[in-house]
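Quick setup: the structure tokens below cover two forms of a single protein chain, split into structure 1 and structure 2.
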Structure 1
Amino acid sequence: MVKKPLRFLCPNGHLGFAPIKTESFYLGVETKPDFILADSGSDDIGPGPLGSDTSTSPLEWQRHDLEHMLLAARRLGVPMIIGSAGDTGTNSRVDLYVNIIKELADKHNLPKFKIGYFYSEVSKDYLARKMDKGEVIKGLDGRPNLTRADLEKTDRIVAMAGVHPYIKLLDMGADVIIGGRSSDCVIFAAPAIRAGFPEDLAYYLGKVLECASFCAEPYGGKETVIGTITEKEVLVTAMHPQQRCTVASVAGHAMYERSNPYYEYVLGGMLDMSNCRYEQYDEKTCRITGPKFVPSPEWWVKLEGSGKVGERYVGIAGIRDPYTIKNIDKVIEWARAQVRERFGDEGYELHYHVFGRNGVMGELEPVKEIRSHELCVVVQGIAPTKAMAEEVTMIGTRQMFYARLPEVKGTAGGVAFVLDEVLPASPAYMWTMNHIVRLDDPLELFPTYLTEAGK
């Protein structure tokens, strides 16, 4: 018997990072999808939110998206699934979203429903015990294997869940699922796999939907798309009136954020997209066939870890003087020397980002010879205390004004300041962990729970 196709509505590629566009969302809702889903996490935002256990977006933006999705899902009577809650998927972010769902249920007098949720934080003790047993925690992307020193530098760790906790919570009867940190595509793949569709297509469905309208053209973020899975194909359709899912836009999306557009690794295997075939199905829809999911012989899960480096301040300097621009490296070295004179060589960090030269790409910038008529230098000072960070940054910024350059007969003034003061910034964190660890069970790090909301 041929399975009935399932339709998945995704309004947002990073829930909470910017509010969803409701016009295309409700156009999609009116087509009566079988699931409403979104990913809420990303490591694009850097290690700060994970290390400090915060969200990077205003709470109201997150509440906005959850409210629209919840009301639509309960009106249609279909499951709503959110993965990597609150940017990072830490336990506190999962709790935050569960509480928001409960508050929204009360606010709108929704009939009682079940909320399933799972955690994904990993304790340092857990990894230390693994290391004591001689297990290797492997580094990814050229990182060395995890050391005790790396572990000690870490404040918080999350593991990237696979489809398993989502399937378990659906089996438990959850109407709404709030997930901890998860691989993006598994949020969508899980209900499709549970319904009996091939893993090859289910994981691809997740891959193409994870960023919502990023797989459509022309560009328009936060617009809704709908993915349909059958036993033979995946179809993806743009809901915004001006957008289309084309062969180019869908195939091109595979390259987004990726060094290799063909492979997607998740807990339990790898999605191979090298033999995918893309066809224009209708004006707004692209059809995809040919993905292959390759199961792995062991359970290896990816870990993300973040550790605090120090407190941070920021200074901003502008330069218009051609001679100072020509000698910008000497100006910066002068300012660095004044910081060393005050604090020595260690115990702080001082970073200069020269916008107009290589402020975005740093040493990777291929254009080495610049002709900018003005530069903006952003100075970051990082130190153990706020007071020291402020002073490091102030010296490192202000002393650019007094740089002693050869052939200059005047006193100072080659640099102007946007503000006289330096500005407090969020503490500085660094990625301490981009590793994989072997599990005995795919649910080992992802405990599941069920609660209720509504009346």
Structure 2
Amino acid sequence: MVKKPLRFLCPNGHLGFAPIKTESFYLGVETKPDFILADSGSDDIGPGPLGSDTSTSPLEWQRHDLEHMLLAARRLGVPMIIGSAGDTGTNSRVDLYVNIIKELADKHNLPKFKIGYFYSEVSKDYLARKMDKGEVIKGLDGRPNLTRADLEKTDRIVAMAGVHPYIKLLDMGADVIIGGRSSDCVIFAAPAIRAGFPEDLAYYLGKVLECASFCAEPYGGKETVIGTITEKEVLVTAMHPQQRCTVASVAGHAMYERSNPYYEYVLGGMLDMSNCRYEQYDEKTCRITGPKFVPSPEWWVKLEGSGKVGERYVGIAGIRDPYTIKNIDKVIEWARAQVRERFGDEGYELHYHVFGRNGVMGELEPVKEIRSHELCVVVQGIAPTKAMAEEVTMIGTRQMFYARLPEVKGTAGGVAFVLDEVLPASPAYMWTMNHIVRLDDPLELFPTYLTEAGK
């Protein structure tokens, strides 16, 4: 018997980062999809949110999206699934989202329903024990294998879940699922696989839907798309009245944010897209056939880790004098020397971003000469304490004012200050881990729970 196609509505590629556009969302809801799903996580936002266990998005934006999705899902009586809750998928972000769902259920007097959730944080002890047993924690993307020193520098670690905890929670009867850190595509693949569709197509469905309208044209974020899976194809349809999913927009999206357009690795295998075929199905829909999922013989899971480098302040200085601009490196060297005189060579970091020269691209900038009539220098000072970070940054910024250039005409001050102070910034963090570790069981790091909401 031919299986009934399933339709998946995705309104947002990074829930919370900017609110969903509701017009296309409700156009999609009116078509009665079988699932409403969104990914909420990203490592694009840098290591700060994971390290400090915070979200990068305002709570109100997150609540906004969850409210629209929850009410629509409960009204239709279909599962709602969120992956990588609250940007990072840490345990605190999962709890936050579960609580928001409960509050929304009370606010709207929703009939009782089940919330399933799972965690994805990994303890340093767990990895240390693995290392003690001689297991290698392999580095990705050119990183060396994990060392004790990397582990020491780490404050918080999450592992990227596969489809397994989602399938388990659906089996447990969850109406709403709040996931810890997960590979984006598995949020969508899990319910499709559970319903018996081929893994080849299910993972591709997730791959194409994870960023919502980024796979449509013309460009416009935060609009709803609907993916349909059948036993032989995936269809993806734009819901915004002006957007279309075309061969170009969908095939182009396969490349987005990835090193190579052909392969996507998840816990349990790899999606091979090298033989994908793209066809225009109707005005707003692209049809995709030919993806292949290759299961892996072992369970290897990806880890993300972040560690605090120090407290941070930021200073800003402007320069207009053409002679000073020409000698900007000498000005910076003078200021650095003053910091060295006070604090020595080590135990802090001092970074200069010279906007108007190579502030955006740094060493990758091919334009070597300065072409601007003015420069803005952003100074970042990082140190173990706030007091020291403030002083490092203050010396590094203030002393640009006093830089000793032999031919300078203006001797009353070498740089212009918008503010004669340095500003406290978020602490500095570093990605300490982009590694993989072997598991005995794909659920090993992802404990699942069920709770209730509504009346």
Partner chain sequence: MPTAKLADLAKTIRSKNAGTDKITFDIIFREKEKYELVKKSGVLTPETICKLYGIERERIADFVEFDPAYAIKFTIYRRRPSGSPGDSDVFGCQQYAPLLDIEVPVE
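Reference numbering: structure 1, starting with residue 1. The term rigid core refers to the maximal set of C-alpha atoms that superpose within 1.5 Å between the two forms. Given the structure is predicted, the values throughout are model-derived calculations rather than measurements.
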| query | finding |
| --- | --- |
| Of structures 1 and 2, the form predicted on its own | 1 |
| Residue shift check between the two structures, rigid core fit, E279 Cα at least 2 Å | no |
| Threshold 2 Å Cα movement between the two structures for I370, core superposed | yes |
| Did K32 shift 2 Å or more between the two structures, C-alpha, core superposed | no |
| Once the two forms are fitted on their core, CA shift of G414 between the two structures in Å | 4.2 |
| C-alpha positional change at L405 between the two structures - rigid core reference, Å | 2.8 |
